[in-house]
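Shown next as structure tokens: one chain only, the form predicted on its own.
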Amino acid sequence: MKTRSLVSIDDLTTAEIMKILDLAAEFEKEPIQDILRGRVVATLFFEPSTRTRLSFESAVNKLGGNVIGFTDSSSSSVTKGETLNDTIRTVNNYADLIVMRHPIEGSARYASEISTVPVINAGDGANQHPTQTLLDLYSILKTQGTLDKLNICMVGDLKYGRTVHSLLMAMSRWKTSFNFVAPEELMMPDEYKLYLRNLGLTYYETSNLTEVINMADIIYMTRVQRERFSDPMEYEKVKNAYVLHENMLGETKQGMKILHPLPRVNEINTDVDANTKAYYFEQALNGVFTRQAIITTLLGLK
């Protein structure tokens, strides 16, 4: 690994990404191992989380390690005015690795620069979520058999959605074409579109999901995140912009899969759950194996 920490998907070379995906496949075959015996992983979640936190904890427990930490900032000394600097420097004394989610963009990079142990970014504001990206890549590779020459349709909150930003950066390493489906208020930020143009990759923007749904190898649904809006009225205007129903899937590609970083609110109707193209719950399970691979790689154990 070039860096001890994993803050952005760009911290990894393509070869390192593929190594982690190969390791994830190994852990899927044999998830219970004793690799982390005597090791402690600290999970510092300054924002609420279910899947990310629990899948990290499950990954550590299955490998024989121990977990310490907190599930929201109200249960930490942040409420007493402790700085992030002091929190990280203190936790360094207790853990071999830190997993951190924080609402402020750049917080994970800052933590990695002052920490004496590896830091994994579990989401920093609307910026990046690299471990979600790696489990997404593993899910895409498992279902499509390749990461090359795929059409990825990203739907919903493309402005604030850190999962789509990270996935775009990762998939741009291959000959990927993108369809961006969002209301005008939540379109993909210009810097990511410029990034694709500079690489010679194609993308198409629309507010009409039915216009592009049949082109997709992967439909990546996202929720409109209430917590990213300072104006409640703006959230109300766009919260139900797209809802995927089972009857919309009839003409889609046979091998197409629907991914979602979860939690969903109502952007995927429950009638989709029984369709063989729904893959979001299996995707969440893939997070355990992928995070096992990430942790053991960063600690130099694999």
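This is a predicted model, so every value here is computed, not measured. Throughout, we count residues from 1 along the sequence that is shown.
Below, we turn to the form predicted together with a small molecule, even though it does not appear here.
Note on the partner interface in the predicted bound form: the residue among 31, 64, 255, 263 having a heavy atom within 4.5 angstroms of the small molecule is 263. Of the listed positions (275, 247, 269, 50), a single one reaches within 4.5 angstroms of the small molecule by any non-hydrogen atom in the predicted bound form, namely 50. Note on the interface: of 23-31, 247-255, 51-59, 36-44, the segment with non-hydrogen atoms within 4.5 angstroms of the small molecule in the predicted bound form is 51-59. Although the partner is absent here, residue 101 is a contact residue: one of its heavy atoms lies within 4.5 angstroms of the small molecule in the predicted bound form. Looking at residue 222, you'd find every heavy atom of it more than 4.5 angstroms from the small molecule in the predicted bound form.
In the predicted bound form, the small molecule sits within 4.5 Å of a heavy atom of residue 132.
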